[in-house]
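This document starts with one chain, in the form predicted on its own, laid out as structure tokens.
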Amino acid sequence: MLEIRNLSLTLEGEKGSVEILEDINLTLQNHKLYVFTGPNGGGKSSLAKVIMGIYRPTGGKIILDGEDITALGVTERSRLGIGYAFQQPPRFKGLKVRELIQIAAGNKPIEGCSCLADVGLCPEDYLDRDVDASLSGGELKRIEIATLLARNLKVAIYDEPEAGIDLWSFSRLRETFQELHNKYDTTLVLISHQERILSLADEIVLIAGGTIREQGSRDDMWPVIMDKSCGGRKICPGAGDENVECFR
């Protein structure tokens, strides 16, 4: 279980300090699929990067299975079982898929590389391919997911996994997340605006203006997300201001 208590984040911008997150309180339970959603610039990715240790919070605490990990960096959190997948996975010229997964697994045996099969890729077709421009966006996304599976994570965070991939690949990716949620004990966090991603969630966390505006089960949150007449009452920082762009 991951607990976030009274968390805040302030970063330095061109015009001075900017408060990005304010008084975030959130508990992520084991083996649940969460979707963070909300308007662009609302703080979703920043919260994910704080969880991963990419950003150091200004205040508050992060507790993983009863241990305070607030002061730990990316490497230490990675060793404790937290993983992060970026919107645009990196390519590695001269590195084979087999080698990338082996590195992710910490040089543990990867017999048959079932993690590739779990994301819908045939190991025989992909293990000896280079992680370079010859791979499509959808293939690269699934390979990155396979590297996280190889690590047997406690918490896996995917920042807009649908970004930059075609419709067919997106459909397969959605199926992959559903299958992973059914098979693995990992707590999944997906950052997305997509309805088909939101529909996978056990819980939806609505983040706007650097705060959690609302959180609940998919069934409870779905009417809030899909209400086209909401006027911004619950999700937009402008609270109904017609000049504020709705995240939908």
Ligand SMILES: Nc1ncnc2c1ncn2[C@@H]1O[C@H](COP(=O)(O)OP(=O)(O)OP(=O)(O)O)[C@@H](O)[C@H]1O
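Numbering starts at 1 and follows the sequence shown. The shown structure was predicted, so the numbers you read here are calculated from the model rather than taken from an experiment. What we label the rigid core is the largest C-alpha set whose atoms superpose within 1.5 Å from one form to the other.
This next part talks about the form predicted together with this ligand, which is not shown.
- Query: Using a 4.5 Å heavy atom cut-off, which stretch among 195-203, 57-65, 43-51, 175-183 contacts this ligand in the predicted complex?
  - Reply: Residues of 43-51 come within 4.5 Å of the partner.
- Is every one of 20, 39 and 160 in contact with this ligand in the predicted complex, taking contact as a heavy atom within 4.5 Å? Checked in the predicted complex: all three residues contact this ligand.
- Message: If we define contact as a non-hydrogen atom of the residue within 4.5 angstroms of the partner, is residue 136 a contact of this ligand in the predicted complex?
- Response: Because no heavy atom of residue 136 falls inside 4.5 Å of this ligand in the predicted complex, the answer is no.
- Touches this ligand in the predicted complex: residue 11 (any heavy atom, 4.5 Å): Yes, residue 11 lies within 4.5 Å of this ligand in the predicted complex.
- Message: Please determine whether residue 78 contacts this ligand in the predicted complex, using a 4.5 Å cut-off between heavy atoms.
- Response: Residue-level check for residue 78: no, no contact with this ligand.
- Message: Within 4.5 Å, heavy atoms only: does residue 87 come near this ligand in the predicted complex?
- Response: Residue 87: contacts this ligand in the predicted complex.
- If we fit on the core, is the Cα of residue 87 displaced 2 Å or more between this form and the one not shown? Superposed on the core, residue 87 moves its C-alpha 2 Å or more between this form and the one not shown.
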